[in-house]
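Consider the single chain below, provided in structure tokens and representing the form predicted alone.
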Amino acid sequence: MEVINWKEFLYPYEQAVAELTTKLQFLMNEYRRLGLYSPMEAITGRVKQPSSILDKARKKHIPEDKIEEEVEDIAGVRIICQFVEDIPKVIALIRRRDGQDMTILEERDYITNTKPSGYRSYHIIIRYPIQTVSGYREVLAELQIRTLAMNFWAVTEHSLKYKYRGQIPEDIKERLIHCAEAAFNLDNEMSTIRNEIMYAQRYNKLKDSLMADILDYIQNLYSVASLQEMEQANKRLVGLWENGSLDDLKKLKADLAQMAEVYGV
């Protein structure tokens, strides 16, 4: 059997991961740029190492010449959500792209149908088209959608599998199952205070934006306004820095904007 040239073999998967993560990050950033809540908190991608690919092929009895067709997660993109309720929204976003820039082959719900180990995640297997110097081709890729808590558990479990070469001791397996339940309960508890968390995040984002605008005005006015005016503006800002309301900050910004108009800056 011909020896696999891994550098050449993996390059299309690296291209697929780079393109998919970029597209999803642009979508996530668009939500934020429009001032909308993004169901995607973070996006990462990876390509399996040759040793991991061969291990999986051996476990599933896949011949080396069938790896490209039958190993579905050589290219992997992970979409992290803040809340469980965000996962269906992300799934819907992916489904809307079906037939456009990707083809969905299969969906696997390990959230409703939790694995015996405690693993929870939603997987979507896709066929993704790419253009290479050799021409058009399609590669398989796996999209994993999960919460921050699910991801923390999964990454930890994966590290332990690697350490113990897939043979995690029974006592640690039991503790991992308990940890998975704790992560599940954390997700549920966070959902109960979701509105409060989202309000706090929006509040802090708006406050940071107002502060940035105020500091820009003050910096621009320093060279033209009187020392007394700037000392007064700084004094107001210091007083509002920790405990000022949004209305107070908006009023300060409006006053500084008016000063800037008077001084022509």
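What you see is a predicted model, and the numbers here were worked out from it, not measured in a lab. One rule holds for the numbers: they count along the sequence shown, beginning at 1.
Below, we turn to the form predicted together with a small molecule, even though it does not appear here.
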None of 117, 132, 185, 191 but one has a heavy atom within 4.5 Å of the small molecule in the model of the complex; the exception is 117
Heavy atom within 4.5 Å of the small molecule in the model of the complex: which of 173, 97, 137, 161? 161
Quick check: do 59, 108 and 153 each get a heavy atom within 4.5 Å of the small molecule in the model of the complex? yes
Is there a heavy atom of residue 82 no more than 4.5 Å from a heavy atom of the small molecule in the model of the complex? no
Contact with the small molecule in the model of the complex for residue 86, defined as at least one heavy atom pair within 4.5 Å: yes or no? no
If we define contact as a non-hydrogen atom of the residue within 4.5 angstroms of the partner, is residue 46 a contact of the small molecule in the model of the complex? yes
Option from 87-95, 177-185, 191-199, 153-161 whose residues, in the model of the complex, bring a heavy atom within 4.5 Å of the small molecule: 153-161
